[in-house]
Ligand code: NAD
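Okay, here we've got a single chain as structure tokens, the form predicted alone, with questions on binding and movement later.
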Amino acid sequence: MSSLEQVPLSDSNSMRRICTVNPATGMPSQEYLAASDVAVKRAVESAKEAQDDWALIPIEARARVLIKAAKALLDLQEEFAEVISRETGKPILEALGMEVLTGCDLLHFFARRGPRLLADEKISPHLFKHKKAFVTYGPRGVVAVISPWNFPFYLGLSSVAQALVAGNAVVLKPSEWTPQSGRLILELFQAADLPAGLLSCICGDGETGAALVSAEVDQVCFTGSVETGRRVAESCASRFIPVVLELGGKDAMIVCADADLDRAASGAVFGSFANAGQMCTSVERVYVVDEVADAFIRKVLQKTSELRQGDQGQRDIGPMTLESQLRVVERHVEEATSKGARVLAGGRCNPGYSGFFFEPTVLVDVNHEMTLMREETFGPVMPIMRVRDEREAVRFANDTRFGLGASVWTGDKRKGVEIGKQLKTGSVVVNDCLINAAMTELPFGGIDESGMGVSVGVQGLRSFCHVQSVALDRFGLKTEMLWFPYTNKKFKLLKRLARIIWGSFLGKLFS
């Protein structure tokens, strides 16, 4: 083994053969055997052995490993972007900007701020003035990270980096469809001289993931479908271990009558079609106030017509990554049109290519009786629905079982924030889209069926920690008021103290 545990893509103890597919051609790409349960168990055991020593290392030293990983990422940025682009189908600029460079920023952010964010936090007791107190953040142990295929590098790296700097060991299972992009994370930490056993990568399918979740790990971070996320949560609950779930989304975009329609239309096109619409925060529903709907739709169609779709050269949209997801998109569009929706752009697989290309699609005359407006489409489709006013837009935006993100477009930013606060989502942005997930300072997560827990931000980093409260005696008194023996004298004294503390002007000294 190298300095990092790396389960081979060919595991002789496994009988499950997996074949990945080139999204641009639809042809087989690589074949490998899924990691066996034995390999999963070995990776977790190795992580447990290595984690004890890692937790004792000062966080500043752990942070330096992240800095070295970031330097390696800068040196390898083009090579990494090419691997991600080839495996997912996304344009190389998208792979560079949305995965590699955001990954570099994330590594630097948590390396530089991690020591402060995880330092002991002094607490000033309001009542027990004769005590000292603080909160400490310690590692949980071994963290299982199960990353998705739509952002196979960045989303895996995000959890891995935070878990490591917090003092944990990690076992990473990338999506079975993008194993090489996930394994790039190993290369970074090899270059950063991470101690042996602390990071393992096991490649495999859903059974491999289930074996990892059921192993003796101390926390699970899962990004994927609602159905699988529910099973992961149930498994973790049975063992009383924490879980962070980032699941589906059905993000709404509200366009107010006073919005800058040029910017809003550009945002709608980017938010709906970036990464071929395969983002949990993609704009999947657009609600536009009727008085500006015609002008907004004209601008959207013009900007959509200018997009370049292809598999090489300068392009804006590539193929979808999976054929199975392509079929979901087809079903959603077909069902919507059968119920009265009109396709104004796209609406079909691109006839110029043999791979999983679906044309950037704009639909109008949609409603909430259509699957397209209720279930996650996860493809390059923008359904636009007219609404009477902003109040109706908010009502429709909240009519969903998902609650990840949303955007509000208006000339009055204060109004945009007020509308945003009415939306039942984990994040909201005014006059922009998708940006929250790239702002490392902000916690990212959803409510309802969009998941539980958050990633990144202060809260995300600390979710990889066991929070321990510590109290210390300040003066070394021989006894305490409520220690034995109980006496009538103590009873009367407690009553007098209660009136002083909570029934007189002196109470402010204890607030």
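Small disclaimer: the values here were computed from a predicted structure and weren't measured. One rule holds for the numbers: they count along the sequence shown, beginning at 1.
Just so it is clear, the following notes concern the form predicted in complex with this ligand, a form of the same protein that is not shown.
For the chain shown here without its partner, which stretch in 99-107, 116-124, 244-252, 309-317 has non-hydrogen atoms within 4.5 angstroms of this ligand in the predicted bound form?
So the stretch in question is 244-252.
Considering 222, 357, 273, 153, which brings a non-hydrogen atom within 4.5 Å of this ligand in the predicted bound form?
Of 222, 357, 273, 153, the residue with a heavy atom within 4.5 Å of this ligand in the predicted bound form is 222.
Which residue among 71, 401, 424, 231 has a heavy atom within 4.5 angstroms of this ligand in the predicted bound form?
It is 231.
Could you confirm whether residue 205 comes within 4.5 Å of this ligand in the predicted bound form, counting heavy atoms only?
Yes, contact at 4.5 Å.
Should residue 148 be counted as a contact of this ligand in the predicted bound form, where contact means heavy atoms within 4.5 Å?
Close contact exists here: in the predicted bound form, residue 148 approaches this ligand to within 4.5 Å, heavy atoms only.
Would you classify residue 210 as touching this ligand in the predicted bound form, given a 4.5 Å non-hydrogen atom cut-off?
It does: once this ligand is placed as it appears in the predicted bound form, residue 210 has a heavy atom within 4.5 Å of it.
Is residue 285 near this ligand? Define near as a heavy atom within 4.5 Å, in the predicted bound form.
Heavy-atom contact with this ligand at 4.5 Å: absent for residue 285.
Going through 462-496, which residues have a heavy atom within 4.5 Å of this ligand in the predicted bound form? Please give them in sequence order.
Contacting residues: none.
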